[in-house]
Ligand code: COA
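Just the one chain here, the form predicted alone, laid out as structure tokens.
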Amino acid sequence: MKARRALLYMPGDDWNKINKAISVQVDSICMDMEDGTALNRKDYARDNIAKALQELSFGKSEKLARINSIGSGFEQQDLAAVLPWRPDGIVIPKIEALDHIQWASDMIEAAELANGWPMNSIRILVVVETARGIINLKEIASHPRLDALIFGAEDFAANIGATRSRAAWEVMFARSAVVTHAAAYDLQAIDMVFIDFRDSLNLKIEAAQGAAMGFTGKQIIHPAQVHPVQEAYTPNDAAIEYARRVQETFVAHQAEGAGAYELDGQMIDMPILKNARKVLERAQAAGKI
């Protein structure tokens, strides 16, 4: 499963912005046919994304395409336009039920079979951004083609009638539900968009909070947000060194028959070891070790 610290949305109908996204070395580039594309530009976005998948080199960046929501009337055309050119994954917004994912998975499986591609090689990432989606998370998260749960805070707040705030307490329950279900089903959890792309300070604060909550990455809408978000979701050198020491000393104490023990004035036991291992896993995924 690819590390997705920063998932950058680019309007699918804007060739120049897609090229710009490639140049900033972001983890995942999501070419958008949904909210980022006007109603009268959907056909152009489909053609443009297909052309990008055929002609552009995305380097190490993951190639994703976001289709319109299931039931919008656009979703089948969206998938039909991009699947022949083999994106790495499909992002589906406003997911509320397992059968929404299954419908898309069936279309993807048909493309894999028709082209001789490995089964399940094209992954699905879903955006949960309605009250119904949140209460159905248990079944949504169970689909085998799923790689990630993405939390859409703006749409969720609108759906329940909440007013968005900088503190984001109005979406905290839903945000926590997404990260919890992702962990339960071994999925990545991608946190909400920070919409003021000129406010780098509060972006860093929100990204650090998301990382502390257990999210593995964050959605972004501007290239300027790439570095702060990647930094927040990459363990620093001190965290990596401490995690290594925890792992090494835990093994040594276990060999001596000791259970919990002290390290640097803190009690170390199995939960601390598990957290240290996650730190090392994230560092490895980010290419730091």
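The first residue of the shown sequence is 1; numbering continues from there. Remember, predicted model here, so these are calculated numbers, not experimental data.
The same protein also exists as the form predicted together with the named molecule; that form is not shown, yet it is the one meant from here on.
Chemist: Of the residues I240, I70, I221, V246, which one places a heavy atom within 4.5 Å of the named molecule in the model of the complex?
Modeler: Among I240, I70, I221, V246, a heavy atom within 4.5 Å of the named molecule in the model of the complex occurs only for I221.
Chemist: With the partner left out of view, is A6 within 4.5 angstroms of the named molecule in the model of the complex by any non-hydrogen atom?
Modeler: No.
Chemist: Would you please decide whether F173 lies within 4.5 angstroms of the named molecule in the model of the complex, comparing each non-hydrogen atom pair?
Modeler: No, F173 stays farther than 4.5 Å from the named molecule in the model of the complex.
Chemist: Report yes if any heavy atom of R277 sits within 4.5 Å of a heavy atom of the named molecule in the model of the complex; otherwise report no.
Modeler: No - in the model of the complex, heavy atoms of R277 and the named molecule never come within 4.5 Å of each other.
Chemist: Applying a 4.5 Å heavy atom distance criterion, does W85 contact the named molecule in the model of the complex?
Modeler: W85: no, not in contact with the named molecule in the model of the complex.
Chemist: Looking at 49-57, 227-235, 254-262, 32-40, which one sits within 4.5 Å of the named molecule in the model of the complex if you count heavy atoms only?
Modeler: Every other range fails; the passing one is 32-40.
Chemist: With the named molecule taken in the model of the complex, which residues across 6-29 come within 4.5 angstroms through any non-hydrogen atom?
Modeler: Sequence-ordered list: L8, Y9, M10, P11, K17, K20, A21.
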